[in-house]
Every structure is written in structure tokens, then in C-alpha cells.
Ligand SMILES: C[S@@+](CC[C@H](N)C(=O)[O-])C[C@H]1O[C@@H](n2cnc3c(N)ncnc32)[C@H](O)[C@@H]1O
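Just one chain is shown here, as C-alpha cells, and it is the form predicted alone.
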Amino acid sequence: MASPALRRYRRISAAAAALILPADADLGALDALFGRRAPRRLELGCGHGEFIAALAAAHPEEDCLGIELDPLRVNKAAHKCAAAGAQHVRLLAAAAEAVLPRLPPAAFHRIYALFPDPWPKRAHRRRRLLNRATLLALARLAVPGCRLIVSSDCHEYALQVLTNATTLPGLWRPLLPNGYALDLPVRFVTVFERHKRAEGARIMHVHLERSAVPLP
């Protein structure tokens, strides 16, 4: 059930609505969807939109695609992007697992997965987004040198991402000493990170770089 704060986003402005892609959008034609050809960034789970709005505003020369399962969160993210003047953002309300195969190869030079649902109970861990299959799918979408930025307050999940990446045949290489770092300073803070830091949680970061090794 949506919270009262989110229910207000059931109605949004025309400017915000223009940033939201229809469910059947042709994701293989990103140039047409953005109306130009430019470097692109992808955020998996854009949440309330603080990060993607700030990111897009700081990089007007690049395009940003955000995927979020909750349609009301997508509406809120669109509102924030429109308020920031970030017209080079496109948002899609869908499960990331269903969207990634529809995107063209070598389409992104930065990919972000910030505070994905941790599913901390052992019986639920199979639901985690950043499994080996997803990392393989993201490798298809990434240009060589693309960075995959993962942050989580669930350290076991972050380490699982790192482990999954190392089982792939050289597609992703860790960029941080020991593969991870705690409490790195970040340029744009998400609402989830603010809440977790206020609770006293330490944030684990995993940064991976796409190699030039072709997909198996």
C-alpha cells in the first residue's frame, strides 16, 4: 500500500510525465527515445529520484535511464528530474530483470545499483537483483571501461556481488583495494543512504569495471 507521501504522485505534471517511458517502449532504439546520441548512464532502482535527478543535472551532456519497479516512485523521480530541468532523463516502471534483455548492447558507460532491496533472510536471498545472471546481463550492456557502482548497508549482499562478479570469465574487475570500501564519500546521496547513516549503519561500496573480454 502506498504511503500518503507517495499517493500525492498519482497525478504529475505534463513535464514530468514526458520523462516516463510507456511499458512497451522500444528500448533498443535509445537514440530515438532520448532524441539524440550521447553517452548514457543507467540506474537500477532509482527509488525516489534524488540521485538520478542530481546526476542528470550535473551531466547535461549525457543521458540517464532509470528503472524502478514502483510506478509511484517513478512518478516522484520524474517530478524531481523535471524540477531540476533534467529533460535528458527517461524513466521506466518495470522489473529490472525484464528490462535488461530489451536494451541494446554496449549502451552505457556507468551503471548504478544503490541500496537494492537486501532480502536479508536466507530463504529470500534468491530474490536479490544482483545475482550472477544480472551481472552477466549488465556486462552485455556495458562498454569496455564502464563502471558498475554498488552500495549497500547489507555488507553480506555487497560481498556477494563481488563474489558473483569474480565467478564470471574476466568480465568485471574490482577497482577498490580488497574489492570493497566502507563509507566512501559520495557526490550525490540517496534518501536511503541518509536514513541508514542516521541509523548508524556503515555503507559498503563495490566498484567494478567492465573489461574488454567478450561475452562467453
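Note that the coordinates shown come from a computational prediction; the quantities given were computed from them, not determined experimentally. Numbering starts at 1 and runs along the sequence shown.
One more form of this protein, predicted in complex with this ligand, exists but is not displayed; see below.
**Q** Note which of Ala94, Ala83, Ala137, Val143 lies within 4.5 Å of this ligand in the predicted complex, where distance is taken over heavy atoms; exactly one does.
**A** If I apply the 4.5 Å criterion carefully, the residue I get is Ala94.
**Q** Work out which of Ile149, Leu159, Leu175, Val191 lies within 4.5 Å of this ligand in the predicted complex, going by heavy atoms.
**A** Of the candidates Ile149, Leu159, Leu175, Val191, Val191 is the one lying within 4.5 Å of this ligand in the predicted complex.
**Q** Is there a non-hydrogen atom of Glu43 within 4.5 angstroms of a non-hydrogen atom of this ligand in the predicted complex?
**A** So Glu43 counts as contacting this ligand.
**Q** Determine whether any heavy atom of Glu62 comes within 4.5 Å of a heavy atom of this ligand in the predicted complex, and answer yes or no.
**A** No.
**Q** Can any non-hydrogen atom of Ile67 be found within 4.5 angstroms of this ligand in the predicted complex?
**A** Taking the distances in the predicted complex, the answer for Ile67 is yes, it comes within 4.5 Å of this ligand.
**Q** Just checking whether Leu114 would be counted as a contact of this ligand in the predicted complex - the rule being heavy atoms within 4.5 angstroms.
**A** Close contact exists here: in the predicted complex, Leu114 approaches this ligand to within 4.5 Å, heavy atoms only.
**Q** Of these, 164-172, 25-33, 44-52, 179-187, which stretch puts a heavy atom within 4.5 angstroms of this ligand in the predicted complex?
**A** Going by heavy atoms within 4.5 Å, the stretch is 44-52.
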